[in-house]
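Only one chain is given next, in structure tokens, and it is the form predicted on its own.
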């Protein structure tokens, strides 16, 4: 079989290069990319990345070119002279030692500089946010504002945000790709990170993720970030710090609006105390959960329009065991921190740590059998007659569908 000559392989190699180049073209949008300059932290990291890529590309091209030239020029030929030994060539050895040393200096100096910049203490006046990782959801505390919330984070643009991160169980990792920076959360220490969203970023929504494998629902541990204007943040924060306002009329109006696609848009006259909430109509498609309800979890959605929020608050919420795991500011006895704080749960766009959209039918099924919807969830199976995949048993003393509708009505009023 004749050997393939370089000249004959040229067209095939050229075709491959052209094909690879074309794959890099296009106008595809990558909303979860980390190659942005939306924060000072990401600007520093991107600048370092560009420099490392620049010098790495030069090294790669030079080394590969020298390798190919050497292979072709000094390949063994019939009758050719014996190869000369270069051992002991001081000039050559000094040269190939000095060049990598210079390159390493060019890489090390900006790297060390970036490390000191990103690891420095947060500047004075930064907004403090305590981030606590759980299996598998996120808890956010604003200690200076008296706010406790879960899974959805609001920050004002133009102001530095200082994150103080720890874990209640295993190692997690906190990351909003578009904002840059990523830190692990550990149970035995507090890690820190800070950045300032650009003032011109505007009111936008972003995806976040846990990026350290933490168990069977690791991929379901998602987060939302809302960068908002300072006045919007002030309105949101003021309301979130207030006790829950139980408004059964508002809840009933929302529940009666639709049995299949309930919204949380309550008329301002029905609940005048509600603060700012990121507008649902402005949510980009990539932050709206598309997770389908698992098969085999049935619920009569018609019952949702009949849900009684007063009965849900005074009976089902208590008898169903909800009060044993969740806190609601202003409700006596609802002080547990085992599960997410529900004080203003209806102001959120997602449930189950960003896995599902917040609407009546989804919330009812989540209450009925959370472990069927999210593997490993610590939330007990509450629906009567439902099979609990962790306890390996059927629930006999839980809530029926009507009682679950009452709980949904109550939670939908907590805006």
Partner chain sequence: MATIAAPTQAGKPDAYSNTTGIWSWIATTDHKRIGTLYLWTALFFFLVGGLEAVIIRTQLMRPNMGFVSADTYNQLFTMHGTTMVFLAIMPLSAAFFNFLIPLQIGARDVAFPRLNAFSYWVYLLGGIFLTVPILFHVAPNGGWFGYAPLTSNQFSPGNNIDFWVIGLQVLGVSSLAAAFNFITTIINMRAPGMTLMRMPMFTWMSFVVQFLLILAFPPITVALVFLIMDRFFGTTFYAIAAGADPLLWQHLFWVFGHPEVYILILPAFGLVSEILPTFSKKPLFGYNVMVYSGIMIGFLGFGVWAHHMFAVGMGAVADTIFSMMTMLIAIPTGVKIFNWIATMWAGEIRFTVAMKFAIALIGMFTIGGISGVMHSSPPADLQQTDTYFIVAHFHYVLFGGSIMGILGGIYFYFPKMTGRFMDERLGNWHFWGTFVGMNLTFFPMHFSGLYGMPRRVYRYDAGQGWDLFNLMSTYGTYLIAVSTLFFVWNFVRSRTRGAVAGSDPWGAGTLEWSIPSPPPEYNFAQLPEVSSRYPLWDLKDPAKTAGIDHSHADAMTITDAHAVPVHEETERFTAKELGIPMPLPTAKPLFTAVGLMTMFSGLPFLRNDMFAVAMTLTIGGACMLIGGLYAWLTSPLE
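Throughout, rigid core stands for the largest set of C-alpha atoms superposing within 1.5 Å between the two forms. Small disclaimer: the values here were computed from a predicted structure and weren't measured. Numbering follows the first chain given and starts at 1.
There is another form of this protein, the form predicted together with its partner chain, and it is not shown here; the text below is about that form.
Though the partner is left out of this view, residue 234 does not reach within 4.5 Å of its partner chain in the predicted complex, counting heavy atoms only.
In the predicted complex, its partner chain sits beyond 4.5 Å of every heavy atom of residue 203. In the predicted complex, at least one heavy atom of residue 209 sits within 4.5 Å of its partner chain. Among heavy atoms of residue 361, none comes within 4.5 Å of its partner chain in the predicted complex. Checking 342 to 350, 39 to 47, 361 to 369, 379 to 387 against its partner chain in the predicted complex, the stretch whose residues place heavy atoms within 4.5 Å of it is 39 to 47. When its partner chain is considered in the predicted complex, only one residue from 119, 314, 306, 336 comes within 4.5 Å through any heavy atom, namely 119. This chain is drawn without its partner chain; in the predicted complex, the residue among 319, 187, 199, 280 with a heavy atom within 4.5 Å of it is 187. The partner is not shown here, but in the predicted complex the stretch 288 to 317 reaches within 4.5 angstroms of its partner chain through a heavy atom at 288, 289, 290, 291, 292. Once the cores line up, the CA of residue 314 ends up less than 2 angstroms apart between the shown form and the other one. With the core held fixed, residue 88 shows a CA shift of 2 Å or greater between the shown form and the other one. Once the rigid core is overlaid between the shown form and the other one, residue 213 does not reach a Cα shift of 2 Å, moving by less than that.
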